[in-house]
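We begin with a single chain expressed as structure tokens, specifically the form predicted on its own.
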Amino acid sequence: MSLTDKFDGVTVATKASVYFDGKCVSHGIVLADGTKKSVGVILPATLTFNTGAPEIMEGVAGSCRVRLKGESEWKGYGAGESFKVPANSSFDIEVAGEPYHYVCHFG
């Protein structure tokens, strides 16, 4: 997967979704074809996210470590790398140092 640096022809939710007392902030976007994504940033923290739909988390800056539900091993990801999370699951994410900027691709 190549690094996403911009989206053309999108609708952006101007009100941010703020999670974990501000440790994660994202904005929802809808592409011209109706595809939904979110773009956001996670500040240094260790957090647990639950998923409804399947997700692909694409790193665009910074780095993180991730542990998917049911796994014991943490795996590292940086800019230009992505990881998949199944529907109706969860993942732990650890960000240390620089914030982790991402695009979340749903479905």
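Note that this is a predicted model, so its numbers are computed, not measured. Sequential numbering from 1, following the sequence displayed.
FYI, the form predicted together with a further copy of the same chain isn't displayed, but the following is about it.
- Remark: T11 counts among the residues lining a further copy of the same chain in the predicted complex, judged by a heavy atom distance of 4.5 Å or less.
- Within this chain, K84 is remote from the site of a further copy of the same chain in the predicted complex, having no heavy atom within 4.5 Å.
- A residue is said to contact a partner when one of its heavy atoms sits within 4.5 Å of a partner heavy atom; F106 fails this definition for a further copy of the same chain in the predicted complex, lying far away.
- In the predicted complex, at least one heavy atom of V41 sits within 4.5 Å of a further copy of the same chain.
- Taking a 4.5 Å heavy atom cutoff to a further copy of the same chain in the predicted complex, the contact residue among A45, I56, L68, V60 is V60.
- Looking at 3-41, the residues that come within 4.5 Å of a further copy of the same chain in the predicted complex, counting any heavy atom, are T4, D5, K6, F7, D8, G9, V10, T11, V12, A13, T14, K15, A16, V18, D21, G22, V25, H27, I29, V39, G40, V41.
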